[in-house]
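Just one chain is shown here, as structure tokens, and it is the form predicted on its own.
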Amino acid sequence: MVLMTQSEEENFALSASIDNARNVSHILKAVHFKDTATVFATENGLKVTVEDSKCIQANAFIQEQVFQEYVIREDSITFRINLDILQECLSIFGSSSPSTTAMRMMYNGYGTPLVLTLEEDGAVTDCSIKTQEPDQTLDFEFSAANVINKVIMKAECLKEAFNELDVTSEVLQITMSPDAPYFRLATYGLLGQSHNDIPKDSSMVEYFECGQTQSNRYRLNLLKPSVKAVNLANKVCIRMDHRGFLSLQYMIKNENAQVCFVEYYCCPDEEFEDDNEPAM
């Protein structure tokens, strides 16, 4: 990695370096379903937020421990960036290269670009990505104190269940209950209703806590982006609060076996909330 002098480092509001850029791009893949993202930087690391239709929000958390160096000279920094371009820059030497790409990230405050210096096998590339004024992100007001039901399972289990969903259905109904069927994913497609049950005593289920039966429907097209995260994850925590808001927390390990987290929030679909079946 090209080194910088201390005076050069001090010019930046945020500077971070990592020996393997794939450890950043890997976690960003889990939330890359829109072309722009909002980046929040604090002393604890980076949070990258992507939203769609004011109904779903994905957050990727990259802790400061993931970086070999991480320096922030303000309490917090926020900017908006084109996620497509950022991912292209992070994989500029090729995503399948057997070598690792070292990366230094620098940002000098409002209106300035995000500057990346990437090095692999002695070849160095500098990238300058325009940043934008951040939009206000949604606050789903999802509090652990209001969680009614919670299930932790191996990601492979949810991946298989997602793969079996009827894609002709407009909604996915999620039922969580202290009694059978315990955890059910149901769809209502062109061929009628279908469902997939996961019992609480399944070897795939690591934790099951349900205080009451909840059954809520969510727009399937809004939940589809979370498949990106489940394909990368080792475990997933599924929670519902008292309003029926859904939280999907994914535990993802990078190439250095460090754990990062991605969380999706989704609100229930009011159009189908009181219907026995969605309109066909």
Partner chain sequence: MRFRAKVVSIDCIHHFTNVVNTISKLLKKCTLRLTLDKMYFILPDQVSNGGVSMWCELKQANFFDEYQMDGASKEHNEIYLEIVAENICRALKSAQNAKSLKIKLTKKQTPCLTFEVELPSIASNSRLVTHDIPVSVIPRRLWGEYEEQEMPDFHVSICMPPMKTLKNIAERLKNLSTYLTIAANQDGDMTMKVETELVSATTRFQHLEVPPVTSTDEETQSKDWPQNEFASARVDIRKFLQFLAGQQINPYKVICSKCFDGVAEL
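Positions refer to the first chain, counted from 1. Keep in mind that this is a model prediction, so the values were computed, not measured.
There is also a form predicted together with its partner chain; it is not shown, and the following applies to it.
*Asks:* Would Tyr182 count as a contact of its partner chain in the predicted bound form, using a 4.5 angstroms cut-off between non-hydrogen atoms?
*Replies:* Contact check for Tyr182: no, nothing within 4.5 Å of its partner chain in the predicted bound form.
*Asks:* With the partner left out here, check for me: in the predicted bound form, does some heavy atom of Phe142 sit within 4.5 Å of its partner chain?
*Replies:* So Phe142 does not count as contacting its partner chain.
*Asks:* Within a 4.5 Å heavy atom cut-off, is Lys130 in contact with its partner chain in the predicted bound form?
*Replies:* So Lys130 counts as contacting its partner chain.
*Asks:* Would Gly94 show up as a contact with its partner chain in the predicted bound form if we use heavy atoms at 4.5 Å?
*Replies:* Heavy-atom contact with its partner chain at 4.5 Å: present for Gly94.
*Asks:* Taking the partner as it appears in the predicted bound form, which of 189-197, 118-126, 161-169, 101-109 has residues with heavy atoms within 4.5 Å of its partner chain?
*Replies:* In the other structure, the partner sits against 118-126.
*Asks:* Answer with one of Cys89, Ala155, Val205, Cys210: the residue that has a non-hydrogen atom within 4.5 Å of its partner chain in the predicted bound form.
*Replies:* By the 4.5 Å criterion, the partner-contacting residue is Cys89.
*Asks:* I need to confirm a contact call. Of Ile85, Ile77, Val147, Val71, which residue comes within 4.5 Å of its partner chain in the predicted bound form, counting heavy atoms only?
*Replies:* Of the listed residues, the single hit is Ile85.
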